[in-house]
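One chain comes next, on its own, written as structure tokens: the form predicted on its own.
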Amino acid sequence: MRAYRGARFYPVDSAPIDEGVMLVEDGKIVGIGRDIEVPANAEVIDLAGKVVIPGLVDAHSHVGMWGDGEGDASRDGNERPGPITAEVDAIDSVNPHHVSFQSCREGGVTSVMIHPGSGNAVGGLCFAAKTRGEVVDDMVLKAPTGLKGALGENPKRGGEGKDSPKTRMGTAALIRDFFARAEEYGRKKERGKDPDPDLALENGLRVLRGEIPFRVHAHRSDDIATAVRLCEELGIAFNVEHCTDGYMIAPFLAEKNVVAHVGPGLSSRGKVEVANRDERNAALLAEAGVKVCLVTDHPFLDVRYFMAYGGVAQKHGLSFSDTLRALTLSPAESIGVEDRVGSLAPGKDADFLVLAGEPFSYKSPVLSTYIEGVEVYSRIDRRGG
């Protein structure tokens, strides 16, 4: 057992603890508080003057599959050329030895949900993983965690050929048609007709049956509204990925109980549909009552700067507590892994960060990153002592 003592702890789901103690054994938190008794046989780690927060949870990432630093040969995020590729699974594209996982650990990101890209109207299965491991199967936190969908600019330009969508209405029609076919496929199975196996439609059925949500890429406000319209028509669980123009229709999204995965931040207006990007977005959504999760969309915001993105969101009006929650517990809840990660509490995985000072300040680098009680990054080691 180890006892981490003397730091200021931010559990997230309860009040901060000054000069607290956190006990860790077998990769789990077994106690946290100010007056925790430290067993005589515990190894004591003195963290006086430091700050401890949960490991960051990035609910929209392409780590290990996007070829950053490796070029086109390793860009494995979008299957081509068809607009509907619901049969594919992101787990089959991820290289756990890719440099982006080390970037996660440097930036304090201990859990990620990895998505296929948004070049297809329906793009395949997402999954969640820890950012430490040698074999991706051993890193899985939950799989699958959703079926990827996309509206707007990306699927319009994503493929070539007669079946590629050319308009926004064409993209929406393809999604409707896909789920209609999945519904009919399910009816045939229920009637005992035993249709020919179809992996794409099987994944569509998972969404229709409520087993996984539809995670819909949408930047522009009209695309966001279309995502809501489609999913309400279909009666399926969903969330909006990116939600760049969300602030423009924030009361509508709050009324619809939309969960917004907001990001990437700190980036350019690199395409037409993000022309209205505003760093106040997260704050305005939260103020309206929308549940906000900040995301990196790595490599479009390098995961090493996820904490900095939180700082920018806070600067533009998101409260400290909402910012910390948007990087930890809210995304864990959106993924469905809050029983293991996202806050510091007994029974949860010992995924946590040791910071030099208060979160979101450039003066407070990540000193150490721990996943299940194992130190996976040390700034001291990185700098050679």
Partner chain sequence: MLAIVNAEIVPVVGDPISGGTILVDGGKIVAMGKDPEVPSDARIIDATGRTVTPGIVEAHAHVGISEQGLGSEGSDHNETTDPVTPHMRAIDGINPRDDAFREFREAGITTALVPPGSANLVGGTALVLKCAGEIVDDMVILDPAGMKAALGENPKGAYGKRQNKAPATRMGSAALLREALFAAKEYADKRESAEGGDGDPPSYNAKHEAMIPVIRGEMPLRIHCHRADDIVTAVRISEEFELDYTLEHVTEGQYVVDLLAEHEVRCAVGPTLQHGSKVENRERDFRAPLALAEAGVPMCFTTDHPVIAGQFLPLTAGIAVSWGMDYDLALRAITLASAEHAGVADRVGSLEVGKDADLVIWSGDPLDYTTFADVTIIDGCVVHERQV
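These numbers were taken from a predicted model, which means no experiment stands behind them. Numbering follows the first chain given and starts at 1.
Just so you know, the form predicted in complex with its partner chain exists too; it's not on screen, but the next bit is about it.
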Please run the contact check for A225 against its partner chain in the predicted bound form: heavy atoms, 4.5 angstroms, yes or no? no
With the partner left out here, check for me: in the predicted bound form, does some heavy atom of A308 sit within 4.5 Å of its partner chain? yes
Examine R132 and determine whether its closest non-hydrogen atom to its partner chain in the predicted bound form is within 4.5 angstroms. no
K291: heavy atom within 4.5 Å of its partner chain in the predicted bound form? no
Check each of A237, A173, A180, V272 and return the one that places a heavy atom within 4.5 angstroms of its partner chain in the predicted bound form. V272
If you check G119, G186, P144, P299 against its partner chain in the predicted bound form, which one has a heavy atom within 4.5 Å? P299
Segment assignment from 246-254, 208-216, 274-282, 228-236: heavy atom within 4.5 Å of its partner chain in the predicted bound form: 274-282
Within 4.5 Å of its partner chain in the predicted bound form: residues from 346-378 (heavy atom criterion): F360, S361, Y362, K363, P365
